[in-house]
Each structure stands twice: as structure tokens, then as C-alpha cells.
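A single chain, nothing else alongside it, follows as C-alpha cells in the form predicted on its own.
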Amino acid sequence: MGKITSFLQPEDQAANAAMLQRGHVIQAVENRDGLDAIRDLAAHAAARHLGVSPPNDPERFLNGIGEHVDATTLNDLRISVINALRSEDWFRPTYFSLAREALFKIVGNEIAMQRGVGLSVQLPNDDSSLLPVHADTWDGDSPYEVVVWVPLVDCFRTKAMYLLTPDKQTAHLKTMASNNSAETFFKSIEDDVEYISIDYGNVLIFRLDLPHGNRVNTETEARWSMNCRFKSVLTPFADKQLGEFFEPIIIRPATKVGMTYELPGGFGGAGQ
């Protein structure tokens, strides 16, 4: 291998730059078969809840879910689907596998995962399921976390979420206190937010300190997306604690030893 001039490999440097400069990374999922299994289970669980035949084309069925539900029955469907997903013991490890190597580059390889993966469904022209502009760190989340956001259908324009990228947020956050509502704040940043266009088969990883949200979906298809937070086990936790909101999923042997180590009696000071 010869002489090395950087501790980071080129692919690590690229992920580092993307997260620091743009606040997010979009890449192909690392386990396409796993993603297909998640999407297919979601579609079949939705069909079962609705009492209709399992779809031959899951993506088309999910896109057209507005033919079967409206805003008053959507949440019951969403809860039924997410419960079906969470009941499978392969679901969380498979979700992690969609971005495993990317998380190792961005977060580290000793990882805690959110216990409950989230599911969002947004019907066309429905204003009852909007997520106002916010940054998760404003609500007690740790800035050491990232979100792995996975679309189950193609997402674009208002069918997608939006982000205020790091280069745009600094000036806006200085004036945030002068806005008396989330909507007022959104109007002040509207021209600078970036709607994330992301096709099925890709994954978005973004920082929790960035303002983001969604607007009324004015496209003709429904949005289906999943989200889950990840962080290094060895970084500070905020309001959402390990064992409550987060579960450690990878801890290396040296860390396990260190976490349980007790200095023998008769010795003083820290272990060497």
C-alpha cells in the first residue's frame, strides 16, 4: 500500500465534505433486495388493512393509495402498516443495511439506532399531515444524530421533503426569533429551501440541525417515506436516551471491555 498522507479514504472524505457543506448525502441503497422486501411488506399490509387483494405492482398501489383512503382514515392505515413492519424481526436490521457503510463513514462504527422506525404517508392535496419547518435539535434531539430517510416511492417537488442547507441557514437563524410562528419562519426561508428529489432505490442521510419539513403535496401521487435516527454510542445523548429512544446495535469488543472494567483493589488512578 505504501505511504499514506490522510487518515481518511477518498470515499470517507467525500461523505465528510457532503455532510459538512451540504448537510446531506443521497446514494443508492446498499441492500436493494432488502428495500424491496420492506416496500412489498408495506404494500401488502396496507392491502390487508383495506381488505383488498395484495397488489401485483406495489409501487403503483402505494402511489395510488388515495383511491382507497382519505385524510380521516389515513392515520389508521399508517399505524397498521408500521405495526406490521415493526413486528418482523428482520425489519430493523434490514433498514440499517440500507445505509450501513454510509453510516460508518458519517457517524462511526459503534452505533445506536432509534427503536421505532417512523413511517410518513402524505396524500395529494392533503393539508392535515404537514410537518411544519423545524430542526430536530430544537426539540431535544442530539446534534450528533443523523436521519436515514428512505422513500418507498419516487419523491420529487412537493411530494418530497425540503431542507435548508448549511450555507443558507446561518443568516436565517439569526432572524428566527422575530418570526412568531413556524409558518412565518417558513415564508422567510421559502426561496432558499431545497426540495429533495429522490427516486425509489436511493436513501437520504441528513443532519438534525438543519430546518426541514414538508408542504401540501400537489402532485397526483401519495408520498410514502420512512425515517430513523442513528448516532454513535460514544457521543452525548440529549433528551432521547439510550435504552429508551435508542438501542445500541453495534458495540466493538474494546468498548464492551471498557464499559464494564473496574480497576482491581489497591490500585489508584485511571487504568493505563
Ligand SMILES: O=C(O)CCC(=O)C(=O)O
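Please read all numbers here as calculations on a predicted model, not as lab measurements. Heads up: residue numbers just count along the shown sequence, starting at 1.
Although not depicted, the form predicted together with the named molecule is the subject of the following passage.
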Quick check on this chain: which one of V147, I106, V193, I111 has a heavy atom within 4.5 Å of the named molecule in the model of the complex? V147
In the model of the complex, which of the listed residues (S97, T165, S80, S120) lies with a heavy atom within 4.5 Å of the named molecule? S120
Stretch in contact, per heavy atom within 4.5 angstroms of the named molecule in the model of the complex, of 224 to 232, 22 to 30, 61 to 69, 243 to 251: 224 to 232
Heavy atom of A182 within 4.5 Å of the named molecule in the model of the complex: no
Even though the named molecule is not shown here, does M161 get within 4.5 Å of it in the model of the complex, heavy atoms only? yes
Taking the named molecule as it sits in the model of the complex, is R39 in contact with it (heavy atom to heavy atom, 4.5 Å or less)? no
Considering non-hydrogen atoms and a 4.5 Å limit, does the named molecule approach H212 in the model of the complex? yes
Partner contacts for 126 to 143, taking the named molecule in the model of the complex and a 4.5 Å heavy atom cut-off: L131, H134, D136
